[in-house]
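Just the one chain here, laid out as structure tokens, in the form predicted on its own.
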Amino acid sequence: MTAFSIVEDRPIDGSGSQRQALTRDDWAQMARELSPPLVALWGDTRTVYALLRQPDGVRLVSTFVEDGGYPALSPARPIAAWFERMVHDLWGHTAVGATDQRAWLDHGRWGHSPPMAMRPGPPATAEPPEFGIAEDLDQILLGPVRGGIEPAAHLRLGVRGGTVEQLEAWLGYTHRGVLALMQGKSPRAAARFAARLVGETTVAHSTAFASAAEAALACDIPPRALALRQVMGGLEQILWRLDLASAVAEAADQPSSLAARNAEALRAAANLAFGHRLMMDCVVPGGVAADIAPGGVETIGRALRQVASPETNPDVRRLEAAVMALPEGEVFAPLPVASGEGLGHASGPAGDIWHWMSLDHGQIASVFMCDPGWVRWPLLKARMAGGQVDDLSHVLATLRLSSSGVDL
């Protein structure tokens, strides 16, 4: 890959990692190349950021927005298209040369547009979603509310006979303004928003958010707190797979009672050990909110032995060993009030989760959260291409998509 002219190197965590601020020309050069692949793209009032995956980890680069725009990444990296639409809707920055410049989050119902710009303007015009389905195809419309507990999304299928030739998903219906709500708060106060971004992966998102804060402030957490986070994350991984098995069985009209019973047993154990069935608000910047309850180790151990099966057995055994080997010590370290920039990561059940934040004297100046949904929603289009309409419920069950993780 071509070497870049770096405007500045800014530390983004306590390990000496750097954010590379690129000139516009060097960003444009990077944008034209196919590698390294894009992990995430986001913005703030005057800058856009790109997280790139490299063989030895990730690389964070940024560039200033000039004349309201920046060179688009989507022509070389198609996954950037949704990110670019999000950046435009929230901050008003235009991806010059983008493959898709339709609105996404902004459905014309906000009081100001774009709401996170330095100078927000009047509301956008409310217009129906624009779909690119070919005119010669029959269209099937689903959503945004589909009568069950599926994520809110407007799906448009272009079909010929019973075969799906095109599929588009239009999201934004679960937008809550999470990024704006976090600004101006301390990481400890804003952690509750990260925990509620996606309920079934609350531990992973909380861990990534806390890790970003700790990296920004070069703060180490106690070993027992780290071990407890790993236990909670392991429980969440197993619960996610059990719920996936239940959903797939239900979509195929097959019994799912065993997976559901096992998931219920684990959630009851988590509730006794950590005070919440989903372990929500248990991971916080600086460590964990509270130590495991008396008897929690034994309760989790019994529940894990109950759910052990050829699908889950190796992970169950590793987690059971980790629970029994928790180190002694404190579970929380106070965070200093300081400025910094940090990147946090967690291995979520559905894929990698990345959180980034910039702190100004202990308060969040800017923040972004990258859920695996950014990668998984485009998979729906790929999985359904050439498939049958009747396959949709099964594909949705196997992907376990969340709209709130990307609607922000």
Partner chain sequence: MTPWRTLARTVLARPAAAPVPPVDRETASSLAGRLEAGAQTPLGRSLAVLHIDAGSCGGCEVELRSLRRAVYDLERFGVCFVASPRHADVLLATGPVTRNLVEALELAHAAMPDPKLVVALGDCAVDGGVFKGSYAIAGGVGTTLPVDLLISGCPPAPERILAGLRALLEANARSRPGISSR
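Residue numbers count along the first chain shown, from 1. If you're wondering where the values come from, they're calculated on a predicted model, not measured in any experiment.
The discussion below concerns the form predicted together with its partner chain, not included here.
For the residues 102, 112, 305, 318, the 4.5 Å heavy atom test against its partner chain in the predicted bound form is passed only by 112. Contact with its partner chain in the predicted bound form, judged by any heavy atom within 4.5 Å, is made by just one of 159, 152, 227, 297: 152.
Of the heavy atoms in residue 175, some are within 4.5 Å of its partner chain in the predicted bound form. Though the partner is left out of this view, residue 200 does reach within 4.5 Å of its partner chain in the predicted bound form, counting heavy atoms only. Proximity of residue 140 to its partner chain in the predicted bound form: non-hydrogen atoms within 4.5 Å are absent; the residue sits far from the partner. None of the heavy atoms of residue 332 is located within 4.5 Å of its partner chain in the predicted bound form. Here the chain stands alone, but in the predicted bound form its contact with its partner chain, taken as any heavy atom within 4.5 Å, falls in 239-247 among 322-330, 239-247, 210-218, 130-138. Taking its partner chain as it sits in the predicted bound form, the stretch 386-408 comes within 4.5 angstroms of it through a non-hydrogen atom at 400, 404.
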